[in-house]
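Given next, in structure tokens, is a single chain: the form predicted on its own.
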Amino acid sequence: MSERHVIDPITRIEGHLRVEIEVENGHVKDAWSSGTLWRGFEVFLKGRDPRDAWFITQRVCGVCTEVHALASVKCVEDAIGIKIPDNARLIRNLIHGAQYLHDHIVHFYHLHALDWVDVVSALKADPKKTSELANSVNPNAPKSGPGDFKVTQDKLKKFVNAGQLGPLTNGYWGHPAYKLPPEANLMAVSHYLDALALQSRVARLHAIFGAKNPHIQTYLVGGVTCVNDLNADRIGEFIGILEETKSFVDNVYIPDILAVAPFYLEWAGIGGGLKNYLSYGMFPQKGGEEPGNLWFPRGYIKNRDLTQVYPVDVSKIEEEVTHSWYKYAKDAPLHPSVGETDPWYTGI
């Protein structure tokens, strides 16, 4: 006997998703997914002043905000041939780097971790053994004594007993697909909470030179508006938070990834695994033109062969809408520069 189940929307991703599955004898027999959130920025930007495009487009997302602003403002600058001053380039790199750090921490701990970490299992952990585990995988991490993990466990116990898990609600706690031992779960939950506190500090990195987070205010076509903020106090504050964040990444975040990943190695093979990688590059350096001056280089890798990086030919990029709720006047993929945004919703 088969059953149909619909999960709509799935919200812990950027862009809501509808998933429908057919289950037969306890196994998924078939599945269908549909992206159901259309933002429409390509349409309502038409007719607007291009100098405002960066300010508007970053509203497409409340997590990865600055990247849309940067891409948009650079598009306009490229179109009219503007070269920004070095101070503006440095400030944009600092803000963009802060976004890069913030995004990685938030996505791993607050958007992904609960798929791998059984929160309720942490109640069974021995804080002393958790401390030993933490010191073996995170030897330079702060707050790694038995008492620290006991505090986290007691806090978690209060949540569970009250029936109010807050941001940890609605997990599949106890499901056999969770493979971490209780001590690893307690360590991860503790670091989840540490990351929650840290991410507000990392967000301040955007505000120092970008005025606020999310959605910075200080870009404009031709540069930035915050050059006067390049003073000793502001730079010192930025460096202080940056060092704090770097310490967390080096001593907590990366060791946590290396500790969790061995328990879920089979996931690396789902869908054939990642074989090709494409990067447009980022962080322009002084002198030269893009892409030659990018600190993260531009290029692509084929079939996991790291010995050769191929140049990116943007003329070969095409938009394919066969399985999307759009229609093209011509029944063929188009380059984005001549692409069309014509919504055509035909039903689930």
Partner chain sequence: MCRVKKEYSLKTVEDRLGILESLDRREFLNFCAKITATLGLASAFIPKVAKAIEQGARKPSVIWLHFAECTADSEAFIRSTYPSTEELLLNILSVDYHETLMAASGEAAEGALKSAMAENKGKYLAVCEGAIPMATPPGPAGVPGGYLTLAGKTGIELAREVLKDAAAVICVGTCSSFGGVQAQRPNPTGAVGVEEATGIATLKIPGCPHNVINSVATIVNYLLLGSLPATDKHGRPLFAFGKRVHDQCQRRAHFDAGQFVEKFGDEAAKQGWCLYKVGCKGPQTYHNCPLVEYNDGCSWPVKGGHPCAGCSEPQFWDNMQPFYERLPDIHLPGVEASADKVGFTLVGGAAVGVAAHAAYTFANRKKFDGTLKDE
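Residue numbers count along the first chain shown, from 1. None of the values given here were measured: they were computed from a predicted structure.
A second form of this protein, the form predicted together with its partner chain, is not displayed here; the remarks below concern that form.
A.B. asks: Checking a candidate spot here: are 90, 248 and 267 all in contact with its partner chain in the predicted complex (at least one heavy atom each within 4.5 Å)?
C.D. replies: Heavy-atom distance to its partner chain in the predicted complex: none of the three under 4.5 Å.
A.B. asks: Is residue 12 one of the residues lying within 4.5 Å of its partner chain in the predicted complex, judged by heavy atom distances?
C.D. replies: Yes, residue 12 lies within 4.5 Å of its partner chain in the predicted complex.
A.B. asks: Answer yes if any heavy atom of residue 59 is within 4.5 Å of a heavy atom of its partner chain in the predicted complex; otherwise answer no.
C.D. replies: Yes.
A.B. asks: Does the 4.5 Å heavy atom contact test between residue 153 and its partner chain in the predicted complex come out positive?
C.D. replies: Outside the cut-off, so no.
A.B. asks: Give a yes/no on whether residue 169 approaches its partner chain to within 4.5 Å in the predicted complex, heavy atoms considered.
C.D. replies: Residue 169: yes, in contact with its partner chain in the predicted complex.
A.B. asks: Counting non-hydrogen atoms within 4.5 angstroms of its partner chain in the predicted complex, say which of 32, 44, 310, 296 makes the cut.
C.D. replies: Checking each option against its partner chain in the predicted complex, the one that comes within 4.5 Å is 44.
A.B. asks: Considering 131, 185, 72, 218, which brings a non-hydrogen atom within 4.5 Å of its partner chain in the predicted complex?
C.D. replies: For this set of options, the contacting one is 218.
A.B. asks: Tell me which of 76 to 84, 259 to 267, 227 to 235, 134 to 142 has residues with heavy atoms within 4.5 angstroms of its partner chain in the predicted complex?
C.D. replies: Heavy atoms within 4.5 Å of its partner chain in the predicted complex occur in 227 to 235.
A.B. asks: Quick one: which residues from 331 to 348 get a non-hydrogen atom within 4.5 Å of its partner chain in the predicted complex?
C.D. replies: Contacting residues: 343, 344, 345, 346, 347, 348.
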